[in-house]
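Okay, so here's just one chain, in structure tokens, the form predicted on its own.
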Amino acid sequence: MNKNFDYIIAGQGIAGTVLAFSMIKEGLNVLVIDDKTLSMCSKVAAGNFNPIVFKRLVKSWMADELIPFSDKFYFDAEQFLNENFYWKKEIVRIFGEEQEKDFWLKKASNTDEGKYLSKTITNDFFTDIVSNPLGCAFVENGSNLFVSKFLDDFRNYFEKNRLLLDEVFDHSLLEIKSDSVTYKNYTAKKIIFCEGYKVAENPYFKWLPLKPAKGETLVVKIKNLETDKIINKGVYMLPIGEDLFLVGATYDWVNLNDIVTEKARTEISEKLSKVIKVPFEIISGQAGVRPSSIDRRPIIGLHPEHKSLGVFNGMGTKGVMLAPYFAKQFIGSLENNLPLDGEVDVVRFNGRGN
């Protein structure tokens, strides 16, 4: 196995995997270090891309730039691995109030958001199964990444090409120099930490102001709801095949662990019961902790003192949409000294930790 790399990447969740592939596409040599049992956050993520924030019917941050970039990135990744894990999907928004419907039609006709919003109301969307007396409309240009398959397929690629150390990263074994790092017998120009909320245990970046939130989802079985669209009303319902739907999600800022709870099961079930008229069967539950930052923006860049240490983190609930675009930007910064977007640059927090 090669002992010299351009970059070492600690963590193989969404952030680490996207960054590793982005570097490989640039001709860089990477080593990924990851123990896949550490955190379930990326594994249980729904992977939905929604260009619209439903509460105010405004565009998601940078949606116009992020979505086309991510489309190309994930389609390229499928071609690279000869696998399938990414699909364009419409999102069905079921209306709960007349004023919500009126607001939708106004935004669809008269604002920049209108390019993502259907211009008509649909009143016949599975009305025997789905409770939608006020009708529904569709968000266009949504997408879904089958996150667990994406991660597993790339893990297999990393293993096959001897680019993976399958182990818990031990920070005490990292030797830091001004222009390189050494971990055990492996040397690189820099190491990039993609540890999610576990960065709180990293002695070099534990000062980062994350605001992690635990999320839980359920896999449920609903017969005869044969749709490939993502349904949204209080919860999202992502079809995953064979009458199964991934339904979620909850938010818990206190109990930061991967333990499935009865409380979340009840909360999701009650919300789903308001959307679905027919009985459903709960198959399983999942839990993970999202690595959100306090300002809801990614945290990217180099350590204020140790310039051979970097971080690529804070992607929160939108990691699948954010990571490809900002991985490309980060590589430009690392390799060509190009500037990072000020809203994501770690320098905005430097006064907190050095």
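So that there is no doubt, residue numbering starts at 1 and follows the sequence shown. Owing to the predicted nature of the structure, the values given are computational and were not obtained by experimental measurement.
Keep in mind the form predicted in complex with a small molecule is missing from the figure; the text below concerns it.
J.: Please tell me whether the candidate spot formed by 51, 298 and 329 is one where all three residues come within 4.5 Å of the small molecule in the predicted complex (heavy atoms).
T.: Judged in the predicted complex, none of 51, 298 and 329 sits within 4.5 Å of the small molecule.
J.: Given the stretches 194 to 202, 114 to 122, 97 to 105, 83 to 91, which is the single one in contact with the small molecule in the predicted complex, using a heavy atom cutoff of 4.5 Å?
T.: Among the candidates, contact is made by 194 to 202.
J.: Given that the small molecule is not shown alongside this chain, does residue 186 nevertheless sit within 4.5 Å of it in the predicted complex, heavy atom to heavy atom?
T.: Because no heavy atom of residue 186 falls inside 4.5 Å of the small molecule in the predicted complex, the answer is no.
J.: Could you confirm whether residue 236 comes within 4.5 Å of the small molecule in the predicted complex, counting heavy atoms only?
T.: Yes, residue 236 sits close enough to the small molecule in the predicted complex that at least one of its heavy atoms falls within 4.5 Å.
J.: Look up in the predicted complex whether residue 169 has a non-hydrogen atom within 4.5 angstroms of the small molecule, and give yes or no.
T.: Residue 169 belongs to the contact set for the small molecule.
J.: Does the small molecule get within 4.5 angstroms of any non-hydrogen atom of residue 317 in the predicted complex?
T.: Yes.
J.: Work out which of 46, 311, 66, 31 lies within 4.5 Å of the small molecule in the predicted complex, going by heavy atoms.
T.: Among 46, 311, 66, 31, a heavy atom within 4.5 Å of the small molecule in the predicted complex occurs only for 46.
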